[in-house]
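This document starts with one chain, in the form predicted on its own, laid out as structure tokens.
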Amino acid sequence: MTEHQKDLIQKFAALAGLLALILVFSLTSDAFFSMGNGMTVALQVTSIAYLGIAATCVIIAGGIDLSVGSVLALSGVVAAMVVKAGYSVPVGMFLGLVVGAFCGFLNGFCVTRLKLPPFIATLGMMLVARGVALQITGAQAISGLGDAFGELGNGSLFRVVKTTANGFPDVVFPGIPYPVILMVILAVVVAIMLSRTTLGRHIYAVGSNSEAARLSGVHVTRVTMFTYVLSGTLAGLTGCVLMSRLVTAQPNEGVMYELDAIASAVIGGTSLMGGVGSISGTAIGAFVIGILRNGLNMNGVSSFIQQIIIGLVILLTVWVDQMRNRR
């Protein structure tokens, strides 16, 4: 069985699990299978998807990034502080992305130049970025950012509102949230990059066998650096979108998000050994986690039990991945 066939089997298994979750929660909760809840789930999944896309590229190249949750928080508070200082929202968001990309660059530098294990390098960045976020904000939330700051996270496309006879607004269609549109665009662009470009093929080659890739003429250092910079940039984007949704910058935001990102990638068929994975599989994995949480919430399951269930799902998928690699 080829790696492509194994990837397809894993992807369809994840899709079957997703459909099974939708069926079960539709039967246990009348409100689950509704347009409003569907939009809520899609909006909740966006953060997992952004980080999952980044994690997929890094893992395919044979690395790991544990710092995205902290980089998310740092980028978000930097964007908020810039806006609070009187600059425009686009300038603040752009600087948030720059901070994320710089953190990713530092991760890549530590891995490629200092030859640190990716686990240790990104673990150090996780602590540093979180510490900087807490230090520059005094561990306090930044509020009073204005409606314009919340437009990216709370705005929607094709929203239809009509006025009733009493003069009150009635939402006919809530619209497609901007974060969801951004998620789809990112997924399509990165999927095309991985599957249709030379850079994408090099990422797979480095993850499959970095030494063979180097002997074949692939610039392993540059490819690895690219995946970490991309991961940092998408973490910065996630931070900007998340803080925009809250219209408040929280330096403690994003805790444990890196595990959701890695889990979504692995559930969708990305191998922790490197060289195998796809964005479509990661998207399925992100929705598995999002729908699982949403359905458990609607059925009154406590957050502690949810952690146990999601932890077991992660253990199961990693075990399946290990068994697949052994065979």
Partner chain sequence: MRNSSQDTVSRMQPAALDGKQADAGALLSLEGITKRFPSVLALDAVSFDLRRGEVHALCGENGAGKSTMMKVISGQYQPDGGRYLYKGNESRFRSTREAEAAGIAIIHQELNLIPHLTVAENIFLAREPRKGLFIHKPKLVEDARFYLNRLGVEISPDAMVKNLSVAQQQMVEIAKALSLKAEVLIMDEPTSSLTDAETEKLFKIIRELRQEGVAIVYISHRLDELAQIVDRVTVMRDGKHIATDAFADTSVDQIVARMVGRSLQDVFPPKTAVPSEDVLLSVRNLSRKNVFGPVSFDLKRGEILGFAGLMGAGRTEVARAIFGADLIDDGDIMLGGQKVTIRSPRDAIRHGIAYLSEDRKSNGLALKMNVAENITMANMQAVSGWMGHISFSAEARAAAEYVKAMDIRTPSIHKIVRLLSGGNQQKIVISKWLFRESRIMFFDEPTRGIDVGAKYAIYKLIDELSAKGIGVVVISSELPEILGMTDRVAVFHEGKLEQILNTRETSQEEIMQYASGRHPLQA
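Just so you know, these numbers come straight off a predicted model, no measurement behind them. Residue numbers count along the first chain shown, from 1.
Here the subject shifts to the form predicted together with the partner chain, a form of this protein not shown in this document.
Item to complete: State the residue from L97, A205, M125, L145 whose non-hydrogen atoms include one within 4.5 Å of the partner chain in the model of the complex.
Response: When the partner chain is considered in the model of the complex, the option within 4.5 Å is A205.
Worksheet item: Out of M273, M39, V301, L292, which one falls within 4.5 Å of the partner chain in the model of the complex, going by heavy atoms?
Response: Spelling it out, the residue with a heavy atom inside the cut-off is M273.
Worksheet item: So which stretch, 216-224, 229-237, 148-156, 113-121, is the one near the partner chain in the model of the complex (non-hydrogen atoms, 4.5 Å)?
Response: That would be 216-224.
Worksheet item: Is S88 close to the partner chain in the model of the complex, meaning a heavy atom pair under 4.5 Å apart or at it?
Response: Residue-level check for S88: no, no contact with the partner chain.
Worksheet item: Closest heavy atom of R196 to the partner chain in the model of the complex, within 4.5 Å or not?
Response: Yes, R196 is a contact residue.
Worksheet item: Might R201 be said to contact the partner chain in the model of the complex, defining contact as any heavy atom within 4.5 Å?
Response: So R201 counts as contacting the partner chain.
Discussion item. Does any part of V161 reach within 4.5 Å of the partner chain in the model of the complex? Heavy atoms only, please.
Written reply: Although the partner chain is absent here, V161 would stay clear of it in the model of the complex, with no heavy atoms inside 4.5 Å.
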